Ligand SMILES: C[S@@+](CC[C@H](N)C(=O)[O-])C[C@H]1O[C@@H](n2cnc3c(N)ncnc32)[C@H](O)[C@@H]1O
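Only one chain is given next, in structure tokens, and it is the form predicted alone.
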Amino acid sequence: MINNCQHNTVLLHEAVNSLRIKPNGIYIDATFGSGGHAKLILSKLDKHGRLIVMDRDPLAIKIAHNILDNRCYIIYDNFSNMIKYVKQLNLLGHIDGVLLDLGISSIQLNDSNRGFSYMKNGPLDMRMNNKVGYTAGYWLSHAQYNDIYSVLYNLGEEYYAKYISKNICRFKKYNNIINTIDLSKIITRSYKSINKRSKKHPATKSFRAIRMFINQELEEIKLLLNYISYILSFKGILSIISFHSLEDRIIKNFMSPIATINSTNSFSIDQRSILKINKNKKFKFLKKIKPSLNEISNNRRSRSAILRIAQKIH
């Protein structure tokens, strides 16, 4: 059984139904999280079906190991490395569906030691896998103004990135930015200094941008999309839930058979190379789904979610 974790899985039934589960099929839940999607997928498989679950968060893997089911195979790694394991299992071209939920879980946000939330005081970590890489605090203490500005502006789409970056640099001349509240206060004061009021918390975009940078979240998506066609079987399904416009733009353009380089000038060279993959129409876009009003009312974090579904057609 899966631990009873305090997390509401976004678009649970919509995402799993989009995979068009075959009872004896082979599926990959590439972002296990708290196991909501995985548990539902397993309930639809017969004794011949198989589910591969992946996550880079050690806590998620600990939860996954509570699944006492020999149909479930657990991988502790980034989903960008999926192809390595699929090769090892001799399953290239035999996967019937891949599901990704790119959101951060309530379990991660509510743990102050992880440093994801500007509402909870804790070490400024922000790593999805808190056993590898450098923390957000370490990066901020060593980054130059231009580096901080670039992350806040490009990944956070933060209009006031210039003011916030300057204030971060001023602060760290005399103090270490070691916890989430320190950073949140600097950002909030930056907004107040320009008399800016926001419906969202002033730190929302900056925290998200730094998290995306520390975990290389956009790069993870691009790496997977580069080879997903080799993993999926003919008529295999790719379903991805995104929560940010930059993520969704990459996914939308990958799935669209009419995407062209000329129509995507806002993308980097690396992003454009991904879009070339589907110019031969390897994937057919099937559907876009957003949470219902009822789901949004029950789980406010679901309001920005978008599920996009595509099928491999050759």
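Numbers for residues come from their place in the sequence shown, where the first is 1. Here the structure is a predicted model, which is why all the values come from computation and not from measurement.
From this point on, the text means the form predicted in complex with the ligand, which you will not see here.
Residue in contact with the ligand in the predicted bound form (any heavy atom within 4.5 Å), chosen from Ser229, Ser184, Gln108, Ser242: Gln108. A single residue from the set Ile177, Ala143, Leu223, Leu102 has any heavy atom within 4.5 angstroms of the ligand in the predicted bound form; that residue is Leu102.
Taken together, the three residues Ser18, Gly93 and Asp96 all stay farther than 4.5 Å from the ligand in the predicted bound form, as judged by their closest heavy atom.
Across the options 75-83, 156-164, 132-140, 169-177, residues that bring heavy atoms within 4.5 Å of the ligand in the predicted bound form belong to 75-83. Remark: Leu238 does not count among the residues lining the ligand in the predicted bound form, judged by a heavy atom distance of 4.5 Å or less. A residue is said to contact a partner when one of its heavy atoms sits within 4.5 Å of a partner heavy atom; Gly36 meets this definition for the ligand in the predicted bound form. For Ala209, no non-hydrogen atom is located within 4.5 Å of the ligand in the predicted bound form, even though that partner is not displayed.
The ligand is not drawn, but in the predicted bound form it has a heavy atom within 4.5 Å of Ala30.
Residues of 50-87 lying near the ligand in the predicted bound form, listed in sequence order, are Asp55, Arg56, Asp57, Ala60, Asp77, Asn78, Phe79, the criterion being any heavy atom within 4.5 Å.
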